[in-house]
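Take a look at this single chain in structure tokens; it is the form predicted alone.
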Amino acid sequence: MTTSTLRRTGDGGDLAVAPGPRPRPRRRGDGRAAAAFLAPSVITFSLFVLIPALGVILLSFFDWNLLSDGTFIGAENFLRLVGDARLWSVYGSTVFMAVAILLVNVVVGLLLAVLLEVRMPRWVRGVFRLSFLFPFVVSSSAVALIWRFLLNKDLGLVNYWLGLVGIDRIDWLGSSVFAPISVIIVSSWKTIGFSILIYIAGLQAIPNELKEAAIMDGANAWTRFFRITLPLLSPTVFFLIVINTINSFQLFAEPRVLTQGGPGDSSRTIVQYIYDQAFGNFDLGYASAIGITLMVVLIALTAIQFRLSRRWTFYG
């Protein structure tokens, strides 16, 4: 197989097809070199993802409490899922918090990234970037522990500041209404720095020539954003939607430390419910069955997102 390129003929006339350089023939050692480079990733994926996933699928067909020998019970754990009203309640609260965190990270993250790209002194921009990115590198449990003191009804700084403007104290962690909102605020504050970082990288990859040409054509800032910036940023938006959807559905540390999932199950997430079933009730078979439902939900959501992305993602 040969490659070819378009070249202009010597008299400056039509373009003609000229043979290009021949590709290097594949050698026998190429396959071994590729296998050597891929081996660390394949081994890591197999040890920490594939084998545990297969183990969870196998365990979901057993009744096992960690102490006794497991008993094979077939699909009984999956039949329990249908009649577990608490499971669907927890799924409802998980979807509510996941969608809210996703919107904050994708929409608010984009607005903040655009604002950070506005002309300002370099040191001011650096301070803002660091302030948004710092929570992302801190442990989720440490972040939740700090916010647990800040949101304390009687001694927290948040209620103190609200009191200065005449707002009564709010039971952020003990109310079924405000407990999930507290989890959304803390989780968004923790993760939005990652979205901003990715958005900034995407914004800086857009050629300035396109913006300058639009300015010369008289396009205002809104037109430039919606006709140039946003279409060219669509692959970045799609990437963040997929990543934030997966991460939001796997929320655990923040509600665990802030509210312990309460009051009731208002702020309990599905991963927290799996943990409670596995290490609270020592019902690892049922916990594995719930984990499989979460895996199926995430695979289905990701597949739908990839399918829909063809209509609005621009890779040109």
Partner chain sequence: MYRRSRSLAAVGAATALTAAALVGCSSSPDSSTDGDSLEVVYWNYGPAAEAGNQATADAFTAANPDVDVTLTPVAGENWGTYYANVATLIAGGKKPDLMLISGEGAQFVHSNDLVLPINDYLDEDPEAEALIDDIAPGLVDGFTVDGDIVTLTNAWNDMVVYYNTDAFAAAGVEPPSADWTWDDFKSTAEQLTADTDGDGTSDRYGFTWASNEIFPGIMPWVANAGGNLTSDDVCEATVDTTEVTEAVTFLKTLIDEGTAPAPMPMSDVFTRFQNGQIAMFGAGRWPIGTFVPAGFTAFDVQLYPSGETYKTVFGGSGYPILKSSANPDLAWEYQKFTVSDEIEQQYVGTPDAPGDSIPSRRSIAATISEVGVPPQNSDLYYASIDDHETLVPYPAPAKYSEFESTVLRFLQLIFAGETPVADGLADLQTELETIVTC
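Here the structure is a predicted model, which is why all the values come from computation and not from measurement. Positions refer to the first chain, counted from 1.
Only in words, not in the display: the form predicted in complex with the partner chain, which the text now covers.
- With a 4.5 Å cutoff on heavy atoms, V49 does not count as touching the partner chain in the predicted bound form; it lies far away.
- Although the partner is absent from this view, R86 contacts the partner chain in the predicted bound form, with a non-hydrogen atom inside 4.5 angstroms.
- Though the partner is left out of this view, L59 does reach within 4.5 Å of the partner chain in the predicted bound form, counting heavy atoms only.
- Shown alone here, S140 lies farther than 4.5 Å from the partner chain in the predicted bound form, counting heavy atoms only.
- The stretch in contact with the partner chain in the predicted bound form, judged by heavy atoms within 4.5 Å, is 257-265, chosen from 286-294, 257-265, 31-39, 243-251.
- Contact annotation for 49-77: residues with any non-hydrogen atom within 4.5 angstroms of the partner chain in the predicted bound form are I51, L54, G55, L58, L59, F62, W64, N65, L66, L67, S68, D69, G70, listed in sequence order.
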